[in-house]
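Listed next as structure tokens: two forms of one protein chain, kept apart as structure 1 and structure 2.
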Structure 1
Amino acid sequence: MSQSSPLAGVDRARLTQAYPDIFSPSPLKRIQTVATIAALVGLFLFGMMWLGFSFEKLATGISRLGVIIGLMFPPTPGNLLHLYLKGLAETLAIALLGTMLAAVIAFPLAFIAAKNVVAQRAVHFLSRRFLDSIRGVDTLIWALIFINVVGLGPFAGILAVAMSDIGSFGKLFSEAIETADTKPIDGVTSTGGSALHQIRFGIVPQVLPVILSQVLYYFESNTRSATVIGIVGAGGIGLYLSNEIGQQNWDHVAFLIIMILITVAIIDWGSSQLRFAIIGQRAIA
């Protein structure tokens, strides 16, 4: 048995009268809608043609991809397992040290960028724009810059990860500071505490769990970034991955990819457990 629509009858008539443009749009509005859709479709097709999209190349590439996947089995490290493990340890060290260095530098900068700590608009504006400028440059670009500054190797990778994260940490930390409850700060002030005491005993205990949670999350993300910047010469397992792809040793490439996936999954699990312990599962969800 069919059931009547909830908008049938009086309700539909009332809604049609209240919103005539939605139920009976004018011809001009219909033409504008069709023209907008046609323009977007045309722009999409033009972009695909301009960038060389080709079904023939796509079909050829998929068949080539199938051959490469077939050459990846069985994954094996050959006699290079010790080098791969060393590269993986370098990647983890780059991610950990870069993240920690960025957090240490960004922590005081975040107080300068927070409105409830530094009231001067000019200081707040300049500090926020400085952090935005650093944050706007990708980790890979920082890696290419530092490779030319300090040379190839993990040190350039650490600096690249740290430089990229200073801007992000500064913004996130300052936003956490600005949301701090004022009652603990007022309590410290009422006992004659200085501005430094207000920060130490009124703000830091409130925001520290959130900051630690953000640092752990970025360490997990930086593990993947450290792998990518290794491909351009910033050390770590990415360098070995790039070499094996260049030599088309696809069984070695598959082994390296599996190593990276397992490592990232373990760090993801461990980081989540620590974040749950610090700020609680409900807060993360």
Structure 2
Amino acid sequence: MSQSSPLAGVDRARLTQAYPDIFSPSPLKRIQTVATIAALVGLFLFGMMWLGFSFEKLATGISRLGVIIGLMFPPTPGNLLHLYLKGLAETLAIALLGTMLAAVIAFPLAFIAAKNVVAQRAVHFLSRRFLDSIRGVDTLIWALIFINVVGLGPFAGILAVAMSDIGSFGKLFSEAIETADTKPIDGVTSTGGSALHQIRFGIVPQVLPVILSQVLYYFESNTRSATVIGIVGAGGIGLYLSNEIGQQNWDHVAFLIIMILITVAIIDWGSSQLRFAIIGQRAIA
């Protein structure tokens, strides 16, 4: 600071001596910080250039976007409301069944992938990599693949959502299992319980609330992804959305977006209520 009161001057001398590293941080550390920031910003600028950002392009784009937004008002479904509602119901069905299917399949898989249940290094490694690979493929890609299997429609969407969630659930569930307290398991073992008994009475009661709350959380986020899965033809409201954008019916587009927003808000609210009911006052793990 340029202006310092005499009192601050006195204090400063003493403080400088007491906390040398705060008043004059090591130059190496400072260079490191500056270099990291410079590298990050440099990569950002390079990326902007490489990807073809230009101010005129952005300016024309934004003015066109302004025109589009102007055309969105007032939002109206036209005479297609019943179709949109059906699409929305389909979207919810895809999210619900996809999430449930994934949870049911991932539950046993998670025990295999958990270090404390199957103490086999190779099994652990392979099952984790398998789950990672499934997770690395986006839901939309799975949707495209499943369209080849069961044809166009919401069923392909359900399978796609389930597939990509198996990876996430498997990982999350097995982490929950690995952090489970070992004492109840020891207790079951000491009374002569088999491996299955250990899992059923030692682990499952501990992890069930965590798992349920994660499933609900994914149901929420799947509602979101199920709204767009129709863009590639796998059912739900996304089909209408991409059609209306293609035909430039902006007022219909706006109506669809509002429908999505309201649905997601309702699902968010409902599932957070349920989550609190299931896990009680405990913080969400």
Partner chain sequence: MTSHLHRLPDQQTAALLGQYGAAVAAKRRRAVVFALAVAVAAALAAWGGEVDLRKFAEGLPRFWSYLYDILPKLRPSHFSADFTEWFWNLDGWLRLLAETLLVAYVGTFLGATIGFALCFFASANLMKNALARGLVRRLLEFCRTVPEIVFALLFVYALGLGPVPGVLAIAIHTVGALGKQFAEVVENIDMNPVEGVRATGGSWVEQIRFAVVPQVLSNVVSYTLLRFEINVRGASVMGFVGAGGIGKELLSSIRQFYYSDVSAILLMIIATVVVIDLLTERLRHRLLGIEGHR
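Keep in mind the model is a prediction, meaning the values are calculated, not measured. Residue indices: 1-based, along structure 1. Between two forms, the rigid core is the largest collection of C-alphas that superpose within 1.5 Å.
Shown second, as structure 2, is the form predicted together with its partner chain. Tyr19: CA moves 2 Å or more between the two structures after rigid-core fitting. Relative to the superposed core, Thr33 has its Cα moved 7.7 Å between the two structures.
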